[in-house]
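We begin with a single chain expressed as C-alpha cells, specifically the form predicted alone.
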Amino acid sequence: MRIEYEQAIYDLMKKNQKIVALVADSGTGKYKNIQEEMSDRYIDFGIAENTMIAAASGLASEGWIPVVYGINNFLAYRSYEFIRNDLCMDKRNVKVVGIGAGVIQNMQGPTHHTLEDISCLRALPNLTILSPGSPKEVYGALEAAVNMAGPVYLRLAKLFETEVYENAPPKFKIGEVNVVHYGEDMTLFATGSIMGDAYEAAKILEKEGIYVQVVNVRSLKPVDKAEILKQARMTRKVVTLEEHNIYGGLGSIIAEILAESGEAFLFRRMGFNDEFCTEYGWHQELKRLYGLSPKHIAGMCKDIVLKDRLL
C-alpha cells in the first residue's frame, strides 16, 4: 500500500495546487520526486509529529489541503491530543495518512505496532476514518479524502498485501462498504490489509462446500449501517476480522449495529484479543501466532456454520 499511496499523493499534487505534503522523517519513493519537483509544497518535520499536526492545522486555516504522512502509531498515539484539539474541534481540512497499520512493522516490536488506533480515533467527533482493504483501493481512498472537507484519518498497511481485485475496484465512496466475495452460508466483515487473508479463507472453505460472503468495510466512520445489516441478514451468521484489538475496532462497530437492530445473529470477533503482539517475525507468521491466518479464519467461519446447522 505504501507504493500505491506514494504514487497517489504525487499524482494528486500534480493536479491540485492546494495540496501540501507534510512528512515526519518518512519521505521515501515518490516523496523524493515531490521534494524535487514541488519543493514549495513539501515540508519534512523530522521526528516531530505533534508539531507537524499543529502546522497542518494552521495551513488548513489558510486554505491549503495538508496531507500529513507518518507511521500510524506515532500519529494515532503520540499526536492524539493534537488531532483532537487542533483538527477535530475546528474541523480542519487535514488528511492524516498513517502507514504500518496492525503488526506489519514486524521487526520493530510492540512499540511500533498499531492495534488500537481505530478504538482511539473513532471516538473523536468530526473525524472520518478510512481503511482500504486492497492496494488498488488506496488511490481512490486518498482522492476521496482530499475531495471532502474536514479531517480524515487514512489507515494503511505497508507492503506485500494480497490483492483481492482482479480488475479495478468499485469507486471509493466514503461511508460505503462493498462485497468482494459472494456466499450464502455466513457473512465475514473485514477491514484493512487482512482483507486478503479473509479472501483466501473464503477460497479454502469453498473446497469444503461452505460459501462465505466477504464484505470489505473500507469506510469505518462513517459506516453504512443499512448495508451492514443487509449483509448480516442474508446469513444471520457474522464474523468480524481485523488486524486490531477486538475492543473498539471493527468488531465493536458491527456489534453496535447488530445490537441496536434488536435482531438475533450468531456473532464472533477475530482480532488481537486485548493483548499486545510481543513476538517478532514475518508479518504472516505474526498473524498465524495470534490466530489470524487464513487457516484460523476459515476454522472460525466453519465452526459457526456447523454450529448453526446443528441448531
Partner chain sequence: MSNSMNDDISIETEELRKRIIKTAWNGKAGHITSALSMVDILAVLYFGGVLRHDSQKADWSERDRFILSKAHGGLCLYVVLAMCGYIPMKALESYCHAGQNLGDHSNMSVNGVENSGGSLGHGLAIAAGKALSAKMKHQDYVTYVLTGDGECQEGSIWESALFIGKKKLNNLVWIIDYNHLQANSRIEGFNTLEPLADKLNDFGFNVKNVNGHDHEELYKALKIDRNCLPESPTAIIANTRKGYGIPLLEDKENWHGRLPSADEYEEIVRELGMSMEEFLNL
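Owing to the predicted nature of the structure, the values given are computational and were not obtained by experimental measurement. Residue numbers count along the first chain shown, from 1.
Only in words, not in the display: the form predicted in complex with the partner chain, which the text now covers.
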ask   = Does A48 make contact with the partner chain in the predicted bound form, using a 4.5 Å heavy atom cut-off?
value = yes
query = Does any heavy atom of E81 come within 4.5 Å of a heavy atom of the partner chain in the predicted bound form?
reply = yes
query = Is V20 one of the residues lying within 4.5 Å of the partner chain in the predicted bound form, judged by heavy atom distances?
reply = yes
task = Indicate whether the partner chain has at least one heavy atom within 4.5 Å of a heavy atom of A55 in the predicted bound form.
result = yes
note = With a 4.5 Å heavy atom cut-off to the partner chain in the predicted bound form, the contacting stretch among 280 to 288, 57 to 65, 253 to 261, 28 to 36 is 57 to 65
query = Which one, K158, K136, R92, H181, lies within 4.5 Å of the partner chain in the predicted bound form by heavy atoms?
reply = R92
task = Counting non-hydrogen atoms within 4.5 angstroms of the partner chain in the predicted bound form, say which of Q108, T162, N85, S119 makes the cut.
result = N85
